[in-house]
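There is one chain below, alone, in structure tokens, taken in the form predicted on its own.
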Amino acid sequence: MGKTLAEKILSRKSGSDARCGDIVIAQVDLVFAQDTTGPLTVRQFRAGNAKRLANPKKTALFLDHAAPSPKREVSNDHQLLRQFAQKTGCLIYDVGGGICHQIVAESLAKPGDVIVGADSHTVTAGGLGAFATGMGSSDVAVIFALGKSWFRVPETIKIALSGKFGRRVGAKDLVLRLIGDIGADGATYKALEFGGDGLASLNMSDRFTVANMAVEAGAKAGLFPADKVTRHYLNSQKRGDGYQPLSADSDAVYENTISINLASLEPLVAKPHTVDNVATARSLKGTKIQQVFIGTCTNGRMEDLAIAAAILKGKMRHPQTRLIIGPASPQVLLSAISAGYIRTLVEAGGVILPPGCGACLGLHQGVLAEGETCLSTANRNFKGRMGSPQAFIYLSSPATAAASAITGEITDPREVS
């Protein structure tokens, strides 16, 4: 009997014949924490009397969630992480170094890896064919010390894709459709594995977006096979030596199969205050918005900024709607500058943030006031997520966000010339 991607990767890393439901101990290829979870991880590591990191060059810290620091308490935590990195020799990506999940994708992850982060959106690296998942800070501290962890091998739901996206429809619409259909708990502690003939039309940015939001359906991992699209991406990042073809066996056994025709999708929006509260963008026409945020680990990549710039070129944001842009990494920012996208977005009235999480988690750089509404390309719209509990967050694709920034209300991007 064949194996799913999750079973195949965990079998290799545990040296066992891993099947769904099994408990295995697997080697971890990369472990990381960020500046909201890292301080607790470091303190737990020290409390356990660990003498050294198991793999300093496979351990990373990121200062991205509140960067630059908005208050002294965060500055103290940043100082703690810098000192820990200096003492242990682990990797550290300081302020402006980019969002952890984007840097992992650009520079650290490769097909077949097991990756654990003290952040739920660690699943992003599944776009490269890695078994990537989030854990709590205490569990991550143990991996810091031992270089391995236990895993329950998840059952897998296969998502069979066919067709191609229509005009101004993309990966965010796909994953919102999926979450809307199965619910926020529809894949709890399961793996979502994407395949089918339609897979070839998804570039790496698309795959990262979809994998990133697998956890919003409760999934332990969101996995894509490593194919020629993966190889091309790794080559472009000068990491081609890390490529290996990786796919599920043809006779793998799945708990369920869900088929989605990409051509049937249309621009979608997740309404407050849950990600599975999904509606079409056109049905929400007339919903006024005071802020548009394009960025985050979900949609802060070069392709996302290109989509937004194409819609906003020669236009101006609505006078009552703020437009905030957050590139996910320095590489994205520099590439967008070279391509002219940043100029276009600034000329349209956009404010450019340093590479990082920005407004996403409501600490700074775009906190919402009572009664305000934001349309964001982020992955979560929980009550109070971006500031006031009396604010409202809608989630959409970069195309829908850019079109809505022009009109000042939620707008189907196909209606904007």
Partner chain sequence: MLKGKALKFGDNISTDHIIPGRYAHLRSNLRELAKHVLEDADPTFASRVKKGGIIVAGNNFGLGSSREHAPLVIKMAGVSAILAKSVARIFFRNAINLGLPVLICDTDKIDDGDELKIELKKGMVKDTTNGNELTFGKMPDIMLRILNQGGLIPYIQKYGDFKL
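Numbering follows the first chain given and starts at 1. In this text the structure is predicted, and so the values were computed from the model without any measurement.
Below, we turn to the form predicted together with the partner chain, even though it does not appear here.
Enquirer: Go through 279-287, 298-306, 91-99, 185-193 and give me the stretch that gets within 4.5 Å of the partner chain in the model of the complex, heavy atoms only.
Expert: Of the stretches listed, the one contacting the partner is 185-193.
Enquirer: In the model of the complex, does each residue in the set D197, S329 and R414 place a non-hydrogen atom within 4.5 angstroms of the partner chain?
Expert: Zero of three within 4.5 Å in the model of the complex.
Enquirer: Tell me, which of A310, L265, I258, L146 has a heavy atom within 4.5 angstroms of the partner chain in the model of the complex?
Expert: None of the others qualify; the residue that does is L146.
Enquirer: Tell me, out of A118, I159, A125, A171, which residue has a non-hydrogen atom within 4.5 angstroms of the partner chain in the model of the complex.
Expert: Checked against the cut-off, the match is A118.
Enquirer: Within 4.5 Å, heavy atoms only: does A369 come near the partner chain in the model of the complex?
Expert: Residue-level check for A369: no, no contact with the partner chain.
Enquirer: Closest heavy atom of V142 to the partner chain in the model of the complex, within 4.5 Å or not?
Expert: Yes, contact at 4.5 Å.
Enquirer: Taking any heavy atom pair closer than or equal to 4.5 Å as contact, tell me whether A348 reaches the partner chain in the model of the complex.
Expert: Result no; A348 lies far from the partner chain in the model of the complex.
Enquirer: Could you confirm whether K220 comes within 4.5 Å of the partner chain in the model of the complex, counting heavy atoms only?
Expert: The answer is yes: K220 has a heavy atom within 4.5 Å of the partner chain.
Enquirer: With the partner chain taken in the model of the complex, which residues across 8-35 come within 4.5 angstroms through any non-hydrogen atom?
Expert: I23, V24, I25, in sequence order.
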